[in-house]
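Just the one chain here, the form predicted on its own, laid out as structure tokens.
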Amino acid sequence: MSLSAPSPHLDTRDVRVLERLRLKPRKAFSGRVRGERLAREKGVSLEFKDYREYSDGDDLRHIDWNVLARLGTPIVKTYQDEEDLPVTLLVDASESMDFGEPNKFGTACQLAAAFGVVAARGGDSVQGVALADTPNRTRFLRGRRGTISLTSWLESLRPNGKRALAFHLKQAARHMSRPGLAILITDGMDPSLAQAFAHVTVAGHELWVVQVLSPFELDPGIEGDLRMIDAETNQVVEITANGPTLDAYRRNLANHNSAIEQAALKHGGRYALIESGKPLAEVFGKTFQKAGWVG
């Protein structure tokens, strides 16, 4: 990863902005533990509903310690009227992400950390999943400690994926056991990516796509003879960049991005194009809030 890549750690000003926000999915989902969202089955406020076995990601505060002492089995209480939202952060860790100034992968990790803060402050459960050749994911995390764990996990990630992003997205969808909000953070550098969205949504997830591109990718602004090397396949292409070539590049990129956006909308999701290095307070406080992603 580029030495200039930003850390997923958030500064105090960003955290102050993020802590005021809550995720606003279009769909309603059934959670596992008491959160801050109204469930579809309404009842008496904070009304106890049932017991069930403990699983990774559950809030330890809801364990029935008397049952644990008697039976030796962790059991948690569930509530009828308020539930958490399962949020899965799908972070593209393919090698094409390790590009740009500011670095795309660093920006993607910062965005994931920021979504984690918003989810945690809203009482939701959040899981990180790296879309890379080596499987890497967290359990579902909650609260301030969960935010710290998520940030540490993001710091440990390195872009190393050479296989197609669509392949990794399909694999990840197979292991996403809790239907909820799936936030894909990627540069979208896979022509077959949009076709993989259905694998996420058919399992009941609502898909949000955040496409991160560097300022250079959005507008190269250079001319001359260039030797281009694909970061994932090492394929070499030599071109002469001039006015017509750059115009064709911009048209193709716009068409490619539009195809990703239309596919996300077709599946009931959301889409945003973010330039790497944009201040988080601006991205969340203006772009996402204005579009109704958070509020």
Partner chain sequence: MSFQAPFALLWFLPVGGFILALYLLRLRRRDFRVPASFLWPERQDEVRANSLFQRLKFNWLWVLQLLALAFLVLGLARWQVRQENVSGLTTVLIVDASASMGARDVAPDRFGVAVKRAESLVAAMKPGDRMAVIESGASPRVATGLSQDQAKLRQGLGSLRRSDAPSDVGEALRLAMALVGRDGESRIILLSDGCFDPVGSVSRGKSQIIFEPFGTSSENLGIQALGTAETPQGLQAYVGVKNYGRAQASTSITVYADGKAVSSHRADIAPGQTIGKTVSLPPGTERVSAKLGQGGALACDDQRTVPGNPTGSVKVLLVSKGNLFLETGLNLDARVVLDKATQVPASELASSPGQGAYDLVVFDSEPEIAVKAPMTVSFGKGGGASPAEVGGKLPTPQVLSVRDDGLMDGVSFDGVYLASVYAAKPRAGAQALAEAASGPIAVFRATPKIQAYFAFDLLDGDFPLSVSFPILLGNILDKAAGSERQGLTAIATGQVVGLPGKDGESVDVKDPTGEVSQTTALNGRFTFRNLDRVGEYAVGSGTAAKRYLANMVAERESDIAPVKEFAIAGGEPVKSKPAEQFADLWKPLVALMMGVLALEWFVFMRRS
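Numbering follows the first chain given and starts at 1. Only a predicted model underlies this, so the values are computations on that prediction, with no experimental measurement involved.
The same protein also exists as the form predicted together with its partner chain; that form is not shown, yet it is the one meant from here on.
The stretch from 217-225, 67-75, 175-183, 137-145 that comes within 4.5 Å of its partner chain in the model of the complex, counting heavy atoms only, is 217-225. Taking the partner from elsewhere, His256 is found to have a heavy atom lying within 4.5 Å of its partner chain in the model of the complex. For Ile229, a non-hydrogen atom is located within 4.5 Å of its partner chain in the model of the complex, even though that partner is not displayed. Although the partner is absent here, Gly204 lies well away from its partner chain in the model of the complex, with no heavy atom inside 4.5 Å. In the model of the complex, at least one heavy atom of Ala241 sits within 4.5 Å of its partner chain. Proximity to its partner chain in the model of the complex, defined as a heavy atom within 4.5 Å, singles out one entry of Met189, Val129, Leu85, Val117, which is Met189. This chain appears without its partner; in the model of the complex, the one residue of Lys162, Arg121, Lys170, Arg158 with a heavy atom within 4.5 Å of its partner chain is Lys162. Contact residues in stretch 243-267 (any heavy atom within 4.5 Å of its partner chain, taken in the model of the complex) are Gly243, Pro244, Thr245, Leu246, Ala248, Tyr249, Asn252, Leu253, His256.
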